[in-house]
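Starting off, we have a lone chain in the form predicted on its own, written out as structure tokens.
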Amino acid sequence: MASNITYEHSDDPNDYLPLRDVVFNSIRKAILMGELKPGERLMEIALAERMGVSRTPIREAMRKLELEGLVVMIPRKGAQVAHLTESDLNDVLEVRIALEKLAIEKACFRMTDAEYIELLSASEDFERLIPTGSLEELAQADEDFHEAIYRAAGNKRLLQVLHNLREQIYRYRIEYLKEERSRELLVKEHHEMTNAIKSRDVAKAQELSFAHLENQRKAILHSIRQK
């Protein structure tokens, strides 16, 4: 196994989490960052020895990662890192496009001045991170931008469904953000969507949202096909 995943005590916030969560977060990050490659086998014993833990938290992490679509269980072979597939990408983005269309419609009507300031701040935070931010920081900032729209929609059930979809989207978000031109395009798209929502222009905001997600779909498909 090529990855250098370790579990060490430090000042990291992970030190305050239960061991099973630390192990899960460490393996998840290694997959998302490409340290563990698609198709790579995840051997419980090897991972446990490398991270200095028992097999129990490794096994628990595998189950959670399988639910997120990051790991697949192969009969008689065990766990391996899931491949990024065109089918999975299209499926998850079709659902996200439909849900975000509804969220934007509601946000345009319901967004308060304070919520608009939060959205604007999220957009500016993402732009500020472009020169120095890590992939994880940029992904979180992009997620925060969309989260501000979802909250402003004022629909708890819609927010819950979008939260459930978030983990499945995260891997594709990371893949998209690896390209510098994608980051620059996101800055422009965030500004345009913010302005349209501020103007309560539902049709324009939804059109921009669709283009925003379609650009991501095309870029990620290109990346998948190059591998």
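Note that residue numbering follows the sequence shown and begins at 1. All values derive from a computational prediction rather than experimental measurement. By rigid core we mean the largest C-alpha set that fits within 1.5 Å across both forms.
There is also a form predicted together with a further copy of the same chain; it is not shown, and the following applies to it.
(Q) At 4.5 Å between heavy atoms, only one of the stretches 100 to 108, 144 to 152, 129 to 137, 115 to 123 reaches a further copy of the same chain in the model of the complex; which one is it? (A) Careful reading of the contacts points to 100 to 108.
Q) Though only this chain appears here, would E49 touch a further copy of the same chain in the model of the complex if you measure heavy atom gaps against 4.5 Å? A) No, no contact at 4.5 Å.
Q.
Given that a further copy of the same chain is not shown alongside this chain, does R63 nevertheless sit within 4.5 Å of it in the model of the complex, heavy atom to heavy atom?
A. R63 belongs to the contact set for a further copy of the same chain.
Q. Does a further copy of the same chain get within 4.5 angstroms of any non-hydrogen atom of V72 in the model of the complex?
A. It does not: once a further copy of the same chain is placed as it appears in the model of the complex, V72 has no heavy atom within 4.5 Å of it.
Q. Is S54 close enough to a further copy of the same chain in the model of the complex to count, meaning some heavy atom within 4.5 Å?
A. Although a further copy of the same chain is absent here, S54 would stay clear of it in the model of the complex, with no heavy atoms inside 4.5 Å.
Q. Taking I31, E175 and S223 as the candidate spot, are all three within 4.5 angstroms of a further copy of the same chain in the model of the complex by heavy atoms?
A. No, the whole trio is out of contact, none within 4.5 Å by any heavy atom.
Q: Sort through H191, R183, R59, K198 and report the residue having a heavy atom within 4.5 Å of a further copy of the same chain in the model of the complex.
A: Looking at the other structure, the residue within range turns out to be R59.
Q) Of V202, L158, V187, M43, which residue is found within 4.5 angstroms of a further copy of the same chain in the model of the complex when only non-hydrogen atoms are counted? A) If I apply the 4.5 Å criterion carefully, the residue I get is L158.
Q: Let me know which residues along 165 to 186 have a heavy atom within 4.5 Å of a further copy of the same chain in the model of the complex, or say none if there are none.
A: L165, Q168, in sequence order.
Q: Superpose on the rigid core, then tell me if the C-alpha of I149 is displaced by 2 angstroms or more between this form and the one not shown.
A: I149 C-alpha, core-superposed: shift of less than 2 Å.
Q) Aligning on the rigid core, do we see the C-alpha of N25 shift 2 angstroms or more between this form and the one not shown? A) Yes, shifts by 2 Å or more.
Q. Honestly, after the rigid core fit, is K64 moving at least 2 Å at Cα between this form and the one not shown?
A. Shift at K64: 2 Å or more after core fit.
Q.
Flagged pair V71/E179: C-alpha distance shifts by 3 angstroms or more in the model of the complex. Which direction, closer or farther?
A. Compared with the shown chain, V71-E179 is farther in the model of the complex.
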